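Next up: a single chain in structure tokens, the form predicted on its own.
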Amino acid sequence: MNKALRNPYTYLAFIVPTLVLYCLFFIYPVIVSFIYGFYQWDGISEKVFIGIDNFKRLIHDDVFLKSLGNNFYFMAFSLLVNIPLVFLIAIMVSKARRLRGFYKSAVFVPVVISTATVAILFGVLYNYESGMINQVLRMIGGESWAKEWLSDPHLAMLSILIANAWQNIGFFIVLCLAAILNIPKEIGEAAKIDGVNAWNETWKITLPLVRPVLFVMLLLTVSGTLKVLDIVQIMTNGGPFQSTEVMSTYALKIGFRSLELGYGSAIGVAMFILILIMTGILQRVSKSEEVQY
């Protein structure tokens, strides 16, 4: 066994298949998308080179600009609501003396459920006639309180954001909780001896010490919200009246329904570049430093 581990070909046997799959399903599609973005093509006839016309079209495409705004809406909600909620719940679970393992498992369960299942589940909950949410609202305030959650342009995006948060928040809670529990107990005990209350301990000790993990959460949130697709596609398909359209759903419609593969590829390239820019800015603004306890 030791002789096999000292052989460099052993490591190559594990690395090469993974590298091939990575290049085949990530690098190659990105390169092809960049190339197709300079062509007008319906997937059947000959490709026609049109230069940067597809990218110029993005600037004047009202639907694309609206979908871009919806992606930023996703991002703002996740950064301003989800992450603070994650930190708060992680703090509460870390303070629990009993059933901590149960709480960790309970918040993580939605993560392992497929997005399609979550979307269908919330679609049932949001149903105007029989959905549990409207049934409860009718009991409280009558028929006027019932809402068309997924058919109202003013409520559809918020409804999707809540479903998306319910599914993904557990992963970040477990991640943040692991960082909090990794803080040496001696630090908290010393703070209590010095008379530090729970509020100051949370904001002046715990928060700075878990900052690198929060930064990782920030990066994952930004990249995830810019490429969100499945939950929007299943719950509303970008409707009603494109109020929930995001870049991914719009690229899918343009590329495979309108058969404008060149323009659809240009949208995908714009998404890729935007994610690179946003993550690059975050890495410069919020440099992750190793925490010394």
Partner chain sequence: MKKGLTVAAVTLMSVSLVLSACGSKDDNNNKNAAANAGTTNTSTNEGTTNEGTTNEAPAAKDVTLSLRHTQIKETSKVRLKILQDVVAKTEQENSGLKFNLEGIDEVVNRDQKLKAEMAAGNPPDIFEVFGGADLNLYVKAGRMLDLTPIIEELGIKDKFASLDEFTIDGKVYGLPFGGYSEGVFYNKKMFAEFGLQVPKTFQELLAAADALKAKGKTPFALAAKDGWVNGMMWNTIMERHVGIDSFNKLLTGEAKWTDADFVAGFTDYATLVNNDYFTKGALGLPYAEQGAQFLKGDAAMVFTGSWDANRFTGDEAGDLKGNIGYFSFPSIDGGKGDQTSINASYSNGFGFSANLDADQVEAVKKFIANFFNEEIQKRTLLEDKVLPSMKLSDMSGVDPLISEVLTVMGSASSSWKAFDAIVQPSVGADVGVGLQELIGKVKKPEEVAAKIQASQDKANAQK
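Computed from a prediction, not measured in an experiment: that's the story for all the values here. Numbering follows the first chain given and starts at 1. Superpose the two forms; the largest set of C-alphas matching within 1.5 Å is the rigid core.
Beyond the structure shown, there is the form predicted together with its partner chain, which is absent from this document and is the topic of what follows.
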From the candidate stretches 239-247, 26-34, 264-272, 220-228, select the single one in contact with its partner chain in the predicted complex, where contact means a heavy atom within 4.5 Å.
239-247
Between the options 94, 200, 135, 127, which residue brings a heavy atom to within 4.5 Å of its partner chain in the predicted complex?
127
Is residue 150 close enough to touch its partner chain in the predicted complex, meaning at least one heavy atom pair within 4.5 Å?
yes
Contact label in the predicted complex: residue 14 to its partner chain, heavy atom within 4.5 Å:
yes
With the partner left out here, check for me: in the predicted complex, does some heavy atom of residue 66 sit within 4.5 Å of its partner chain?
no
Would residue 53 sit within 4.5 Å of its partner chain in the predicted complex, counting heavy atoms only?
no
Its partner chain in the predicted complex - contacting residues of 46-78, heavy atom within 4.5 Å
57
State yes or no: after fitting on the rigid core, is the Cα displacement of residue 16 between this form and the one not shown at least 2 Å?
yes
